[in-house]
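Consider the single chain below, provided in C-alpha cells and representing the form predicted on its own.
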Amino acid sequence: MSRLIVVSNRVNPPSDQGEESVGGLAMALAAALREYSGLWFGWSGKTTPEFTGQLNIQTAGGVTSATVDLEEIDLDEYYNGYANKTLWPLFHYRIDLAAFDRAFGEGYGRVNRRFAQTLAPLIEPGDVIWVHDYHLIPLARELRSLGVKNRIGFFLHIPWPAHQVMINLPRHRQLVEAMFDYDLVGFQTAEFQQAFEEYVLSEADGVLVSPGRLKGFGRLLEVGAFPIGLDAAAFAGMLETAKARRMHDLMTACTVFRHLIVGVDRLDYSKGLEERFVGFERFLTQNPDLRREVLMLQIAPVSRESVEAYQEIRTRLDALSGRINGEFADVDWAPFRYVNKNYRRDELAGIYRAARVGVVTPLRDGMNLVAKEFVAAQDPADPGVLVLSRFAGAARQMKQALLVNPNSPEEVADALKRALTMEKAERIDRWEALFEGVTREDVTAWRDNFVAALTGPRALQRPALVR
C-alpha cells in the first residue's frame, strides 16, 4: 500500500513538544501513522458558521493531519445528538438514556457525507483507509458512492450490543447494512464480534460463510477481534520524566503510612463510578480496622457537559463523595478524594506507580486502556493490584487481575480488602503475568494485525457483490 489514511471523529496528534498529554487512543493511531506514513483526517474540534470543507493540513510529532471545521448544528445533531445521545448509551446497554430523534440521524448522515466529500479528493490509488469508531459507521458507504474503491477497514472501540438491544435503534438495519461497504470490520473482543454476527444472521438473513467471513445484504464482509493495546515500554518510560517523579513523590507524601487506591475514568455513566463509590463505602463500613490505612483517589475529568445525562451523574457523584467523607472522615484524615481535573499521561504514570490498588470497574467497556496503563506503571519489585470489571473488554486478556461484578458492592468491597492485604509474592506473580500480556499484546500487535487483515490475501475485492 502507498499510505495509511486514518479517519476519526477528532484528530489529536502528539505535538512536537512531547506526547505526555495525549490520550492512549491518539498515541496508538499516531504510532500507526508513523509506521506506515500517511494522513490523519477528522474534525478539528472547532465550529464555523457555514461548512466549507476547507482543510487545515499540518505536520506535528511526525504525523500529518488534515482537519475540517463543522457547523454548530452538526455538533448538536451528529456529535452531541446521534453519536452521544443515541449510539453511545444504546451500545452500552443504557436504552433508558438513549434519545431516538430523527434530526439526530439526519445530522449523523450529513456529517458522514461531508467527511466523505472532503476526504475523497485526498485519496490516492493504493491508499488504505482505516476508519475509527461509532461516529463514522456510514463513512465507507459515502465513500463508495463517490467511487472510492480502495481498501477500507473499520474498527469499533466501544462494545457492540446484543441483538435484542441493537434492534431498539430505529433504522438499525440501514446502519448495519452500511457496515458491509467496508472490507474489514474489527471489534475489541470475540464476544462483540459474535454479537454482530448474531445480528446479521438474525436480521439480514446472513450466512457465516467461514470463521470471520459473513455474507449479508448482498455482500461479503471480513470481521475479526483485534484487542487494542498499549505502548507499554513508552508508558513505563514516562516514569523517568520530571512530572511523573514529582507526582509520584507528591502522592507518596500524601499517603504516608497509608495505601493509595486509585481510579481514573472519564466522567461517564458507563464507567461504573457510582457503583464504585458505593463499593468503597461498603469496604469502609465492613473494615473499620483498615479505614485509616487507605486513601481512595478518583480522577474523573468532566466531558460532554452539554448532555443532560452527564450533568446528572456529576450531581450524584458529588453527593456520594460528600456522603462518604461526611460519614467516615476525622479531623486529621479523609478517606476519599474526588477530582474532576484532567492530568497529563506522565503525571498519571506517577500516580499509578504510587498506588497499591488500581480500580477499573466499568459497567461496560470496549477495552479500557487505563487497566493496562496501571499495570505498565507498577514497580516490579513491589507492584500494586488491579481490580477489574468483568464487563471491560480488558478482562478477556487480564485474567490475573481481581475480576469483579461492578454492580455488586460486596464484590467490590471484598476485592479491595483482598488487594490491600495480598502478600507481596502473590502480587508479584499476578503482576508479572499481566505485564507479559500487556507488552506482548501491545499497540504494535493491534495495529499490525488489523492492517495485515485488511491488506492480506483474504482481503476482499470491491465491489464484493454476492448472489
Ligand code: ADQ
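The numbering used is simple: start at 1 and walk along the sequence shown. In this text the structure is predicted, and so the values were computed from the model without any measurement.
Another form exists, predicted in complex with the named molecule; not displayed. Remarks below refer to it.
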| property | result |
| --- | --- |
| Region of this chain that lies against the named molecule in the model of the complex, out of 315-323, 265-273, 117-125, 376-384 [heavy atom, 4.5 Å] | 265-273 |
| Partner-contacting position among G358, G350, G366, G186 - heavy atom within 4.5 Å of the named molecule in the model of the complex | G366 |
| The unique member of I261, L139, A244, V370 whose heavy atoms fall within 4.5 Å of the named molecule in the model of the complex | V370 |
| Non-hydrogen atom contact K341 with the named molecule in the model of the complex at 4.5 angstroms | yes |
| Contact flag, I158 vs the named molecule in the model of the complex, heavy atom cut 4.5 Å | yes |
| is_contact(P170, the named molecule) in the model of the complex, heavy atom dist at most 4.5 Å | no |
| Proximity of R219 to the named molecule in the model of the complex, heavy atoms at 4.5 Å | no |
| Contacts with the named molecule in the model of the complex, stretch 226-249 (heavy atom within 4.5 Å) | I228 |
